[in-house]
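We give structure tokens for two forms of one protein chain below, kept apart as structure 1 and structure 2.
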Structure 1
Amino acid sequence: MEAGFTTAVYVVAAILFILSLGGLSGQESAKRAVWYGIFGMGLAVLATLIGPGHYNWLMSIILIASGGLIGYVVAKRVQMTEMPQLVAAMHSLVGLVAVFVGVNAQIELASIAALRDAGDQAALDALTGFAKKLAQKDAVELQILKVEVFLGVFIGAVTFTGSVIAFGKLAGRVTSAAKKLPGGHLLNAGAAAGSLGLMIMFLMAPAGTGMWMLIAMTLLAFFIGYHLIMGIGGADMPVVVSMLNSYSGWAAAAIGFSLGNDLLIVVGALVGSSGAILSYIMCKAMNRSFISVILGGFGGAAGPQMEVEGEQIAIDADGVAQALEDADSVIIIPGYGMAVAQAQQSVAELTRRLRAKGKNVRFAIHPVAGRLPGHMNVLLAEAKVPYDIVMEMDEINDDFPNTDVAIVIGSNDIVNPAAQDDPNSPIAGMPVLECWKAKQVFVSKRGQGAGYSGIENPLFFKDNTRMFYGDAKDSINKLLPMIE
């Protein structure tokens, strides 16, 4: 009865997770989709607690309460600007869990093998929980389990260190430049080959033995995750976050296979496949090879970059306000700088005032704007900007030549013409928002720095571009009284 109930609840939870994932594809349905996910997870946890094989209620409740409290505190403290690094940190935890589960399974297998060698049938019969399930497996099932354990630990270890480095880059604690050790891809290939050799040895060893092989592979996988992500430049971190999301999903699926938990397998497959699809879509949007992303082979320049000539010309709030008064069409391009300044509410108010004057105001969203897929969409939705004026790059890029004013708020790489003009640029070939084709371009920026990725932007030096220096929120707030 317990097993049947748990299975039924798992099916309901899986359906809710699918509905949640589907609902997140649209801004209008996203809030409802989040509740689907919350309710599905609540059902899954409840079914697991009352399902067969569970015996330590007190410890489970303590851990759930502790985790819930920590999650609540973190969620209340983390700003929207810190969401990308928070997501990376969450991915690292999933990877670490996969490593722990795999190592624990190997320890349990060793204990069971020792009991069998000693002929202690009474101790074998007294086993409970996960150990009991392992003791009931035959030779073929144990061999399959060893494959699952090895792959789960490998994926989890890569995900853990890769996510830690991604967190460091996003948080500014690790250099955003692409860095590789001497030997580059050969080191990754060597570590992968060593892991494959260890896997063959691990599978040939008797069940319950080979812990040193598992540990050695874990260390190699830790290195692969570290070196892969260190070799990717800051301009490409949104793709990295999406890719690590996929890895964490496959790590969760591997945990599900090891534990014999069908729901974990389904959820892990959903996360892994959706993350991979999103990574592929983003790679196409950046004109990158999906394989090169997986191998950490992009983010650096191929040669000396073109020299940028000219000077950045500043403009004050009066000049921007006058241009907006004279304009009929305006396109606003938000970026990570808007998130840092928490300027979305001010931008939304500017939009409302301009639209009240009959001006055509729209937003242009690049697929990798910010440092997380959908980052800008979330901020604009939070500020209640109408969904119908928030346009994707492919929908709006051709409209810039007929636009009077383009306002860039805290963006750099996604509006960088070097992607088209400089074959040696780290972002060469990446589709960008061609805002320089508008009649006038105003760039809201704190200073003259090159930005997070360290790539100089020729847009800032063009004849029709003016630099509106200062904190984005303060700068927009200066405009508001002038546009009544």
Structure 2
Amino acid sequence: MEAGFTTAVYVVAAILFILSLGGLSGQESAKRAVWYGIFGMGLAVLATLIGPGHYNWLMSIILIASGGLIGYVVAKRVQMTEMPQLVAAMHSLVGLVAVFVGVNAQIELASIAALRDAGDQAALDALTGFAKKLAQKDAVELQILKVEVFLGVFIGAVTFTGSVIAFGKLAGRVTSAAKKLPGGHLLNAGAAAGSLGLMIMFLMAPAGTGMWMLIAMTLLAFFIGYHLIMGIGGADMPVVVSMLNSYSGWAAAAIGFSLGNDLLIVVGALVGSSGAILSYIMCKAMNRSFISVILGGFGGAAGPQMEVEGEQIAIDADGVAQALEDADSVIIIPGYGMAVAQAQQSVAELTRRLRAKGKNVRFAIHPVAGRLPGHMNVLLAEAKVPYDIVMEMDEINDDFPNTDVAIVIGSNDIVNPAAQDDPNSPIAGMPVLECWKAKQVFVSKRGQGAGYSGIENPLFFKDNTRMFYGDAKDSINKLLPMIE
């Protein structure tokens, strides 16, 4: 098949990918959009398989099919609550692929350089595919190629280990607290400086040599990815996941440059910018700069935090049910605790029953609720909560004073009034859901512990707050029979 045809197919695929992302602007068009993405991917793979420069299509198809089978099974089986770790795990695959492709390019380059040195013109002419392309490059182009390969491998390697650690944290296999090796950021900086030095050496070395530098840099990058994400606390995971998403995109773009493949560049840039914007939105929602998230942990408080006075008053299911019976308007604020307890179905059932009684029930979703951007929306959608009663923070924050009952299910920092009242609080200035303005607040919580960030929450001590202790799912299930 002609190269021109392949390029034409790439253009179509690129447009399909753009439409696929653009279609996510609305729930209904999103269902169509995902098909655009699937077709785009199918076209791109097909065109590459039958296009010039490809010689091993039987093996490729078998590998894709077997990989696809595993992907299919995993995606079918995964629980909606395990979505964050699945996405993180899949990012690591993309990162590793980018590393392999970059290393391959270097190996090819080495073999071509060897042929050139040997003056074997016949062998050079006999080269096919990717190697042929490489052989045609002049000195400047080779130099640029080396930068591209180096960058692609670096970003890919950081993405790989970073995603593995993010997966471990989200799946609860690695401690979610921010952990750093002694030396902290200096270690990262040292590793980054080492990588930069290796890159300069790599560029100075004649084309095709310096494999060990590439490998050494890869190891350093693996370490950076590991240490960077280990140093970020669990509460910042939404930012981390979208950041890694962005990295995997940039890695793909860098690989696209080294292979001279425009489709890779287009898609890599799309994914990279998408992840970057998501990270920005998440950071803004937490009122934190991107840098401070990357550097991990919450910044030091400027002074002593306000003492929390009063006591937490518990309430049982009867009391909550009674208040819900009397209420006209209810706002539910779900958080990570709901996801952990898998309580979304029970919450949805509660919502249905309350709505059947003519009560105005809505959900307030904080942008960083959960461990993934939009995490809560997905869980509620899974439980078939109609999405037009699921509101964003800005849409609903003004409605709390007119609300009879606010129910906080497994969220903590995102409803912490200290963010507004206490300038010394580590989360001061972070926009929060002002649920304490509702007439009554019920907090479903497992115990008296502090939130993910370890900050005491004055909400729990307010006069109009009652603590509804227990596992979120059990607690809501206890309520259900009382509300008929």
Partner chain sequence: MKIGTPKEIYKGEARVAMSPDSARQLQKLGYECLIETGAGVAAAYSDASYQEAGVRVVDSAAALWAEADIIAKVRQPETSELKHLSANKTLISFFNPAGNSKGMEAAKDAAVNVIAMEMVPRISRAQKMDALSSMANIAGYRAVIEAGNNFGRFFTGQVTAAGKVPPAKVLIVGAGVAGLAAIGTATSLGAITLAFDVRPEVAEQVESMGAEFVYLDFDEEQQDGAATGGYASVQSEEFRNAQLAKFRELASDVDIVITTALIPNREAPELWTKDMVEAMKPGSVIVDLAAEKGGNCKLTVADKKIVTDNGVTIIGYTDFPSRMATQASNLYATNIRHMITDLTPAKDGQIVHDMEDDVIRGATVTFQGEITYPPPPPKVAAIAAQKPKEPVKELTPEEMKANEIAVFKTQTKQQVMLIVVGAALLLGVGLVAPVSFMQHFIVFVLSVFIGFQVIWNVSHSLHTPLMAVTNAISSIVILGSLLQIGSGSTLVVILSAVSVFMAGINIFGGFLVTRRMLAMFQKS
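Numbers follow structure 1, counted from its first residue as 1. Bear in mind that the values here come from a model prediction, so they are computed numbers and not experimental data. By rigid core we mean the largest C-alpha set that fits within 1.5 Å across both forms.
- As summarised for this chain, the second structure is the form predicted together with its partner chain, and the first is not.
- The two forms, fitted on the rigid core, differ between structures 1 and 2 by 2 Å or more at the CA of residue 345.
- With the core held fixed, residue 387 shows a CA shift of 2 Å or greater between structures 1 and 2.
- In this overlay on the rigid core, residue 468 has a C-alpha that sits 2 Å or more away from its partner position between structures 1 and 2.
- Once the two forms are overlaid on the core, residue 478 shows a Cα shift of 4.2 Å between structures 1 and 2.
- Look at residue 336: with the core superposed, its C-alpha moves 3.2 Å between structures 1 and 2.
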